[in-house]
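A single chain, nothing else alongside it, follows as structure tokens in the form predicted alone.
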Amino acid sequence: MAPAKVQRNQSRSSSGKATSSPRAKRQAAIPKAFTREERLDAFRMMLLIRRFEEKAGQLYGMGHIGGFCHLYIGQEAVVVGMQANLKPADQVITAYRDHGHMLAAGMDPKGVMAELTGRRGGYSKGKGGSMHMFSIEKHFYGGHGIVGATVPLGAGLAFANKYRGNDNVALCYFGDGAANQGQVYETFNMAQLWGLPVVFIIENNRYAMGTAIERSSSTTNLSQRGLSFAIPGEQVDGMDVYAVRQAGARAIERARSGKGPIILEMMTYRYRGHSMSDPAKYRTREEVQKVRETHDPIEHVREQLLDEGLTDDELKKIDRQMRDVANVAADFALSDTEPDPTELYTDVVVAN
């Protein structure tokens, strides 16, 4: 490190000795590269999300999951890369494509799958289903079915952090379709006006509910949607977990240091339809297959691990372990009991 940089990153105590400034400590916390163990951790978590979602898709097809079910297959690198930067007290809120976010936040796969199947052991006691579960313990606040609603709620979490004087950061996920909602821009204005510690993450999978972004948005660089509010933005390769982690580290450090909100547009892709009921006829099979073959987030990390000396058998063993976790979660969910009918009258707010 050059002497000039050392000087800039140091302050002096009253005794004249050099001490690390808070900013220097934060900058040092930004990861420079994945260690092999960190890369393995990311590989495991992305595989867990994918195998879990594949199992959820099977259960939906068999009639064990009712209502809507939006799978995260293909987008795993976004939440895994972002989650790698969080402190335990930081908060996460997202929309209805949320199972991967729950797993990355450390929620128990059995509880998530039980909620999907409407069982008593689910995170919302079987009453919330795919789109509406949360965990106060893991600081995961949903799971929301209303398009764009996570944005003002996420800013509310950040407002609470600033009001309480802590240094927690809220991550607020929403999609490219939600980026056109009016409440998003009202929230951008307030978040910047009040300097809230929030990172807005747009998961741009290019099709929203089924319309290509070029046909639904007059400007397609969604990272620039905050410019009129003086909110900076950045486009990120959302299929590269390392690129996500690096961009996320910078954004979170910025929010945590009191510089206000920032927008990260994650350029990603979902392999399945918008939901399980969507045949996705608005795109070709060849397009999906090309992304799978050339830009799959899990395969990308797998190749890096092979280059670092791991064997194909070792990586296949990890894959089997993650499949086992998903199967155990499914077995638990299908053997769990349904909620008692009296649960219909609990957790209900009544206003007089």
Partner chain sequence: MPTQILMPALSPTMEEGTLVKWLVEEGQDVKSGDVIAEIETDKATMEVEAVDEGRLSKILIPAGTEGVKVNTPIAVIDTEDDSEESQAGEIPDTKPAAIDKGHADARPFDVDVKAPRIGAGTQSKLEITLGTETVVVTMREALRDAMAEEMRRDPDVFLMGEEVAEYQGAYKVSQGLLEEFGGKRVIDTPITEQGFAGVGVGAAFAGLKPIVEFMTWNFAMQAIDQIINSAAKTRYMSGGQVSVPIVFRGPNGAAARVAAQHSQCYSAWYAHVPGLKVIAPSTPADAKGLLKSAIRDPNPVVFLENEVLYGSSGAVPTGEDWIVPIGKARIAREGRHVTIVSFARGMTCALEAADQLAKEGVEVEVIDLRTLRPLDLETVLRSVRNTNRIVTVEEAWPVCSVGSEICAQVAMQAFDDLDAPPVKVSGADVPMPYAANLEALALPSVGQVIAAVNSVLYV
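Residue numbers count along the first chain shown, from 1. On a predicted model such as this, the values are computed, not experimentally measured, just so you know.
Omitted from view is the form predicted in complex with its partner chain, to which the following refers.
Contact check for Glu214: every heavy atom lies farther than 4.5 Å from its partner chain in the predicted bound form.
Among heavy atoms of Lys127, some come within 4.5 Å of its partner chain in the predicted bound form.
Contact check for His144: a heavy atom falls within 4.5 Å of its partner chain in the predicted bound form.
In the predicted bound form, its partner chain sits within 4.5 Å of a heavy atom of Glu343. The three residues Phe52, Met62 and Gly74 each lack any heavy atom within 4.5 Å of its partner chain in the predicted bound form. Residues with any non-hydrogen atom within 4.5 angstroms of its partner chain in the predicted bound form fall in just one of 239-247, 134-142, 256-264, 98-106: 134-142. Of the residues Ala84, Leu222, Ala155, Ile252, just one reaches its partner chain in the predicted bound form with a heavy atom at 4.5 Å or closer; this is Ala155.
Residue-level contacts in the predicted bound form: of Met209, Ala280, Met190, Met276, one residue has a heavy atom within 4.5 Å of its partner chain, and it is Met190.
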